[in-house]
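Read the single chain below, which is given as structure tokens and is the form predicted alone.
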Amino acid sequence: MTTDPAHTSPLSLTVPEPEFRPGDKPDYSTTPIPRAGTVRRPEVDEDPEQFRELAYTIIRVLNRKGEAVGPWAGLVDDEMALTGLKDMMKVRAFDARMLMAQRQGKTSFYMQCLGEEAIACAFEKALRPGDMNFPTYRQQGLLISGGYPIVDMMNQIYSNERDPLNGRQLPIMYSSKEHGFFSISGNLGTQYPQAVGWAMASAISGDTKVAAGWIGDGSTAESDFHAALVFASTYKAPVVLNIVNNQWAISTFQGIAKGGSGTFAARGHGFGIPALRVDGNDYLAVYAVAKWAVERARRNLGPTVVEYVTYRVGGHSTSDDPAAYRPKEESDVWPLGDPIERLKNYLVGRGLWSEDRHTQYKAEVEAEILAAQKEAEEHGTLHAGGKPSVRDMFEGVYKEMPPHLRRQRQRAGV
């Protein structure tokens, strides 16, 4: 028996690296981005085998002139576009104010969705009352665009005496059944199989409500992601499985989680699930794709995987310094631009908005958020003011409180 020297060399691993690191000059000029309006729109009930290519391109509506073009255009009327712009501006103002509050020590933790506002704000408009989102910690736009009270969100962040969750969740981990917002889990990925299970239960009970699962690019490496796709595919659950690809997990670029897959959307193909990839910074495109995918679920056509291509402009959280792993200029040259600026330019071009009105509304919404903050802080912050009762941590866990918890509550004097 002879040994081939070619097969005796040491084995090695490939560790993917991002294109740019701190100190590099980011350049996206060679990044393939299709022109707006060039990607076809299949019929909702079309055979998924006929549009497999939509998992590898990017659906776009707004072109560089701020015009809505192509087959995915025309689904957002002027009133809705104006509402969408205001919703996104409110989310951004809310984020900025709460980030400042964390830096001032008024709360322990905060996570922005800076640069990603279009995704949640537009998606919410494609749902009906009773549908349920299973979100991550960067979909505050679902609540704000759905009319959830800003003061209540701040009370939860401060964990004060008016916290609707009574201090039993980390800041920004909201929950509201009435607004279709399932309790956020700090264990990444768990919301995906929960969304599929909820959707299956809706179908089993003969209801008409659909679910939406949300996950970031990094968390698609979790086993829960794949388990959810197995069940969604097998039972054709009425669910939209959203992947927000903002290019970076907490410190690793999206290529680590993506592995050898061409795109995150393409992973749906391995489970027999139709998949689309959309410009996440284009409000009109996000809404059009969301409406298409939600209609598929509502018509018993099964699940859809949607990848939103966007960019996380800020840090992963207030505990993160992105300057340690990516160039500071990277977000400035991101080729898909700012979702607020893009929708603003569209509305200005249609004569429905102006630079002066934009400046005026920005001041108005910042004043509204500041007033809400003052109201919330009257009920307490992290280190001052009212707090939830200690008794609250014993409630709502068991239908009938077990003896050991009753004894603990008695010892606590509550």
Partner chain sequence: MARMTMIESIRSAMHVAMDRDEKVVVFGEDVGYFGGVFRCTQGLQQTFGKNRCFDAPINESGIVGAAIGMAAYGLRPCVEIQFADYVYPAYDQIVSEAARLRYRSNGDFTAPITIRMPTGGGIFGGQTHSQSPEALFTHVSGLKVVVPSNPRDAKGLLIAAIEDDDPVIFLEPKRLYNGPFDGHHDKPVTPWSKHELGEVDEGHFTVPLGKAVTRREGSQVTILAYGTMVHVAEAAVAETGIDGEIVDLRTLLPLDLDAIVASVRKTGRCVVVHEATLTSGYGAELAALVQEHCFYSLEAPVQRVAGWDTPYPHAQEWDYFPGPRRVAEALTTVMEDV
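This structure is a prediction, so every number in the text was calculated from the model and none was measured. Positions refer to the first chain, counted from 1.
The protein also exists as the form predicted together with its partner chain; that form is not presented, and the subsequent description refers to it.
For A324, no non-hydrogen atom is located within 4.5 Å of its partner chain in the predicted bound form, even though that partner is not displayed. Shown alone here, P164 lies within 4.5 Å of its partner chain in the predicted bound form, counting heavy atoms only. Using a 4.5 angstroms threshold between heavy atoms, R299 stays clear of its partner chain in the predicted bound form.
Although the partner is absent here, D24 sits far enough away that none of its heavy atoms falls within 4.5 Å of its partner chain in the predicted bound form. Taking a 4.5 Å heavy atom cutoff to its partner chain in the predicted bound form, the contact residue among T252, S183, S319, T83 is S183. The partner is absent here, but in the predicted bound form a heavy atom of Q169, alone among Q247, S145, S331, Q169, sits within 4.5 Å of its partner chain. The stretch that touches its partner chain in the predicted bound form, counting heavy atoms within 4.5 Å, is 203-211, out of 98-106, 203-211, 283-291, 337-345.
In this stretch, 251-273, not one residue has a heavy atom within 4.5 Å of its partner chain in the predicted bound form; the partner itself is omitted from this view.
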